[in-house]
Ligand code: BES
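Below, in C-alpha cells: the form predicted on its own, a single chain.
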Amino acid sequence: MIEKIFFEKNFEKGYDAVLVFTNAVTRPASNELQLKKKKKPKVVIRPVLGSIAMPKSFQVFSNEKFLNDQIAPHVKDQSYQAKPGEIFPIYSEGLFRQIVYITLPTLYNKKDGENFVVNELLNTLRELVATVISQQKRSCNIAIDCSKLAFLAGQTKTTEASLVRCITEASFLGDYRFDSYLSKPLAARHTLSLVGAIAITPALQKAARESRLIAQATNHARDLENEPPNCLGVAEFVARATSFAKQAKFKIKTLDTKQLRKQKFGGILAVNAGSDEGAKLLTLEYKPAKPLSHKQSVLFVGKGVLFDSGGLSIKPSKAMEEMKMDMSGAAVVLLALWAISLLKLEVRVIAVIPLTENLIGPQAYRVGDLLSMYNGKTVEVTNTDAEGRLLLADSLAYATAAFNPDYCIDVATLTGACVVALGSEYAGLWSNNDKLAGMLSKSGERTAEALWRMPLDAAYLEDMRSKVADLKNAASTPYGGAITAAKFLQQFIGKGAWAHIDIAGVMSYAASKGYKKAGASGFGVRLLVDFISCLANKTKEK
C-alpha cells in the first residue's frame, strides 16, 4: 500500500519505477516531444497500413531535459508500435529500475459529446495507472511524470486538476489489498511522488490530497465489507464507526434494542429477532463549521445487515457466500460521511444506519407475521429474505421526520432482481425527483460509479398490497422485484426529494482489473462525495 505522497520539482533521485504518459500519433505534431538519441535519427515506428507504410512516432508528455537525458539513451526497442490504452516497458536500466509508458487513447471527439468522452478518458487513465501501481510487488518508490500536465489537459480536453485527481485516486485504489488475516501480508509499502518542475502548483497539490482522502475512504469501506462476519458484528461496527467519528469530528448517536422497542421500530426488531446480538440504529451528523447562508441538508441511509442468511426463507449456501457484504450500504454512507467531514464540505449531512444480522433462531420472524412499522403502517411478511427493505423503511420514516432533509438518498444491497436487470456494471437508481436523479447520475459519470435510472410507476405498488395489512414486504409476482422493492421504500419517505440506489450487482468484483480489486468494491463512496461536493459548490454560487 502507498504510505506517503510527495510533490517534487525534478527527477533528482533514482526512483524504482517511473510512469510516463505517451500517445501514439499518426503524424508528427509541432508541439510534441519525440524520443531522440544523440547523433541518431529520432525513434519512429512505421506500421504498415495495407500496402502503404505510414510514419508514426511517440508523443511523450515529459520535461524535455528529462526526456533526452534519462529516457532516450535507454530505449532498447527502436521499433515498438504503441497502441492506445497500452502499458509498455521498453527501457533498459539506467538511473531508474523501470520506466513504464502509459499510452493514452485519443478519446475526445466532438460528435460524441465532450463530457461523456472526457469521463471515458479519465476512467481509462484510472485503470491504466492503477494497473501499473498494482504490478509493483515489492516495496518501492514510485514517481509519476506530471511535468506536462497543462499540455496533456489540452490534448484531452480536460483540466489539470481532473488529471491530478484521477492519477492520485487510481494510485491509491490500485494499491489496495485486504490481507489483514494472512499470516504473511501481501501488501508492499510504497511511496508516491508527483514530479513536475512547475506543473504541481499548490492548487494541484490540494487536489491530490483531497483525491487521496476520497480513495482512502473507499478503501476503508472495502475493508469493512471484506471483513469476515464473525469478526465484524453489530458491536464491532459501532466501535469502528465511533473511531471514524472521532477522527473526522462528526457526531454519533446510538439507539440500542431497548430504545428501538420503546420507539416501535417494528421492521428493524423483526429482522433482528433471530440473532443473539441486539440491533442498533446509528445516527451520524456532520455540520459545517461555517454554515452557508443558503442552508441545505442531505440524509444518507445505509443498509447494515452484517450477515444475511435469508432467515426462515433461507438462502442456498452458494448465495450466502458474499452475504457478509450485505452491510455494504452502511459502510458506504459511513465512509462517505467521514470523507465529507475531513474535506470540510459546506453541506450538512446526516447518515442513519440500521445494524443487525438476519439469522435463524427460536425467536426469528416468520412468513405470515404482521409488523407495525415506525410510521404506523402495517406490513405482512411474505419473505423473510426481503429484510433490507424493512430496515430501510423504519430508518427512512424515522430520519425524514426527524431531520426534514432537502435530499434523502438510501444505499443498499437490496435485491437480486437488480443484479438480473443490470448485471455488474451499473447500480440501479430510483427517484421521485428529476433534479436529484440527474445530479446523482452526473456524479456517477464523473466517478465511473455508473447509475441507471429505473421506473417508479404507481402500478408497481399493486403487487405489494396485502389483504391483512397495508403492504406485503415482497411482491406476489417474481418479476420487477427491484422496482417493487423501491416502490415499497417510497411509502416511508414523506414528500421530500428521495433517491434509492441498489448496489447489489456492484458490491463486489469477481476479478481484479485496474483499480477494481477482487472482493468488495466500496462502490458509492466516491459518488456520494462528488454529489455533496457539487452541491456545496452550487450552494456557494447562490
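Residue numbers run from 1 along the displayed sequence. Computed from a prediction, not measured in an experiment: that's the story for all the values here.
Although not depicted, the form predicted together with the ligand is the subject of the following passage.
- None of the heavy atoms of S162 is located within 4.5 Å of the ligand in the predicted bound form.
- In the predicted bound form, at least one heavy atom of R389 sits within 4.5 Å of the ligand.
- With a 4.5 Å cutoff on heavy atoms, V234 does not count as touching the ligand in the predicted bound form; it lies far away.
- Looking at R222, you'd find every heavy atom of it more than 4.5 angstroms from the ligand in the predicted bound form.
- Contact with the ligand, judged by heavy atoms within 4.5 Å in the predicted bound form, is confined among 452 to 460, 143 to 151, 414 to 422, 125 to 133 to 414 to 422.
- Contact annotation: of the candidates D410, D394, E169, D308, the single residue with a non-hydrogen atom within 4.5 angstroms of the ligand in the predicted bound form is D308.
- Residue in contact with the ligand in the predicted bound form (any heavy atom within 4.5 Å), chosen from E285, E380, D175, D385: D385.
- For the three residues M323, A504 and M507, a heavy atom within 4.5 Å of the ligand turns up in the predicted bound form in every case.
- Within 4.5 angstroms of the ligand in the predicted bound form, the stretch 167 to 181 places no non-hydrogen atom at all.
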